[in-house]
Structures are given as C-alpha cells and as structure tokens.
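Okay, here we've got a single chain as structure tokens, the form predicted on its own, with questions on binding and movement later.
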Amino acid sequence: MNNTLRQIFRSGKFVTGFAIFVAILLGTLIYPLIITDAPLTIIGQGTFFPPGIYVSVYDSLGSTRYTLDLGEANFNRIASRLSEEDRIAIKEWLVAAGIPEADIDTADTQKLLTQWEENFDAKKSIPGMTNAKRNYYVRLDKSIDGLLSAEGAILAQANAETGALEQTGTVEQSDFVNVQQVANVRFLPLGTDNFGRDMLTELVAATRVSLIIGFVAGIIATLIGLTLGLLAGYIGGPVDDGIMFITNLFTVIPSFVLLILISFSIGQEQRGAFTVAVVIGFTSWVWTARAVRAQVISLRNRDHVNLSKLSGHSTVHIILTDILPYIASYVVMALILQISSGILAEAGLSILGLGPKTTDVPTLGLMMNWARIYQADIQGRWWAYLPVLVTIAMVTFSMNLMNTGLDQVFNPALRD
C-alpha cells in the first residue's frame, strides 16, 4: 500500500490535479469561516455591481480629509463620467464642424475636451442638424462645463425651523479620504450578480454544493455500476444476459435525455440538491457497469480465482477478496470520472432550468442559469459568468488530471 501511494504521488499529473482540487476544496471550507454572510443574501440594491472596493459615501463625508494635488485626478474624474455615447457625439459634432476624423481620439479625454472647447459654438449652423440634436449638444456643453469646473460641491441641510437649506460645508475637488478610516467599506472582488448578491460568497457556496452533488452522484453511479458489473462478469449466464439487457436499454436512451425527463417529472419544489444528485447517480452508471464487467471477465478464470472456487469459498467471498482488489485502482479512476461527470451534469441541468430549486442553495449551474437569463454576457458583465466557467473548468480539469496520473501508474501499457 505504501509503495502504491509513493508511485501515485510521484506522478506529476496526479500531484498537479490533486493540488488544484485540494486548493479548491480548502477554499470552500475556509472562506465561510471568514465571511459568514449567507450566500443568497442581497446586499446591493441593483444588478451587476462591478468588482471593486465599495466605500460608504455618507461615512466618508465625516472622515478626516486630506488635500492631495494630483494633476491627473481631475481628468480621471472627467474621463469616468464622460460616457462612450457622449464621446461619440462629440466626435460627430467635431467632424461635422470640419475637424479631420483622423485627428479625433475619443479615448484621449484631455485632447477630446480641448478640441471641444476650442471649436464648439452653439450658434454655429451645421447643415442637416435638427433642432433636437442642436439642443442635445447645448446640454452636453453645459454638462462638460460642470465637469471642468474647479469649484467644490456644497453640502447643505434643511433648517429645522424655516425649512430653508443652509450650507454646512464644502467638498473640494482636491479632498481625499483614507479608505481605512471610513467606517463602512466592503470589498467585492467579483462584484454582485443580477440580484445584488456578493458573487464571491455565492461562488464559494455554489462550488461546495456542486462538489457535494458530484460526490453523491459519483458514489451512487459507481456503486451501481460496480455491483452490476461484478455480478454480470463473474456469474455470467442468465444473470449476465439480464443485466446486459438492462444496460443496453439505458445505453440506447441517452443518459442526459433520461436525466432531463426524470428531473422535469419531479417538479421544481421537490428538486433539492440531494435529489438532483441521486437522479444523476441513477442515470450515470451504465459505462461503469460495462467497463467493470469487461475487467471481471478477464479475471474470473485466473488461477487464484479457480483455486478459491476449489476451496469452496462463496461467490460473494470470491468477488470481494479475489476479484475486487485487482480492479480497485480502476474503480477509483471510474469514481473520479463519475464525480466530474456529475458536476457537469448538474451544470447542464441547471442551465436548462431543471436543476435544484433556486430558493434553496446556489450551485455552479444555477449561477450560470441566472447569468444567462439576465443577459450578463450581452451586457458585458463578465464577472457574473466567467468565474463560474473557470471554477467548473478547474474542478473537472483537476479530476481528469488525477485520473490521467492514476492511469499512468496502474496501466502497464502507459508506464515509462
């Protein structure tokens, strides 16, 4: 046993896959101990907040202010507030006013605004421009003047007696606060989803649930396939014919189609994570059964098996002690592949809307489904689906890498 483990952990592919998988597993276990928020808690009153550090504007007003003279700060602020639509509109006016298009760079905020200030004239008549369009450019010019203003923002509050606004302070453009001194700061490295929920917290919980589904489905599928394969391969005869008849029936009907039909018949309210895992397990055992049967047929007439028969040992004893140990490594590899397949099957079901109920717990498939329904890909909200895709890919990649490493260790044809 020790020698076998040493051989396994000498395999570079197995060690790499094992390290990736353990890192993901530890992340799902340790993160909830640090961030104790419920994964489906709505923290943002809006959809798809981009990744970043969020600071309370209200609390930052009462924090200690520091004056920083950063030359680029003004244009950074202007650049962030000048939308792409406004930049294109500025370019269209400048081109219509006779500025060569090659000289206009909408990405260079400072140059673009300089050209606008030097050339824009609200009274200038441009052929083909409607009054509505001209009024739009006038409003845009006033908006740009406000962005270029060097004056600070006035803080005011209503007088309790008269109701009139009274100035209480001013926020200058050179005022900065230290984030660490602001009372309420929230780091959202993956932003929020379409419901305003912390994507990272949700992703960690979803990964944990998907792993549980994969393990439950993989264990069920492997146990069913192993049991049927051992019985069919060793006993043979009518037992083999009956088991293979059932196996062939499941082979003719694609397992994923069968999985869809069963999941649909169960109903949304009854489809918990464990239920989905059981359904996946009971529809994924076919290839394991056929592969185990082929392995057992090659072993049942070996000398040590015949000797055990002559010794009067029972069928169960022979299967468990004389056959199963010889295919144990193959069973482990089959289990790894079944777990990986279970995770992918759940993701496929959930994308179709047939996964676990959405009010229960998140899964990787459900997160993909939510991103698809709310058009995160079309809106360019990459943080709502790309981390999920990467997580699914890394989990399945690590497991397949472990399986390849085990195959190189136990398959004589692949040994160096």
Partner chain sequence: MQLEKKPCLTGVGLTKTFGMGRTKTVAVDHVDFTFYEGEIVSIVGESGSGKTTLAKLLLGLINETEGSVEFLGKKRDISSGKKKQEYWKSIQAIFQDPFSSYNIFNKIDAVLLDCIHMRGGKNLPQAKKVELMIEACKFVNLKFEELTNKYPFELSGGQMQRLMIARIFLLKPKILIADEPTSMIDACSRATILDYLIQLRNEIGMTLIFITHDIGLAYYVSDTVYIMERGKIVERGSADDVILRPRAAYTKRLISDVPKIYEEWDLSTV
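Numbering follows the first chain given and starts at 1. Everything quoted here is computed from the prediction, not taken from an experiment.
The next section is about a form of this same protein that is not shown, the form predicted together with its partner chain.
Enquirer: Counting only heavy atoms and a 4.5 Å cutoff, which of 95 to 103, 204 to 212, 113 to 121, 297 to 305 contacts its partner chain in the predicted bound form?
Expert: Contact criterion met by 297 to 305 only.
Enquirer: Quick one: of 88, 164, 310, 252, which gets a non-hydrogen atom within 4.5 angstroms of its partner chain in the predicted bound form?
Expert: In short, 310.
Enquirer: So which of 181, 321, 173, 248 gets a non-hydrogen atom within 4.5 Å of its partner chain in the predicted bound form?
Expert: By the 4.5 Å criterion, the partner-contacting residue is 321.
Enquirer: Does the 4.5 Å heavy atom contact test between residue 325 and its partner chain in the predicted bound form come out positive?
Expert: Yes, contact at 4.5 Å.
Enquirer: Considering non-hydrogen atoms and a 4.5 Å limit, does its partner chain approach residue 149 in the predicted bound form?
Expert: It does not: once its partner chain is placed as it appears in the predicted bound form, residue 149 has no heavy atom within 4.5 Å of it.
Enquirer: Is residue 80 near its partner chain? Define near as a heavy atom within 4.5 Å, in the predicted bound form.
Expert: Flag for residue 80 set to no.
Enquirer: Would you classify residue 314 as touching its partner chain in the predicted bound form, given a 4.5 Å non-hydrogen atom cut-off?
Expert: Yes, residue 314 is a contact residue.
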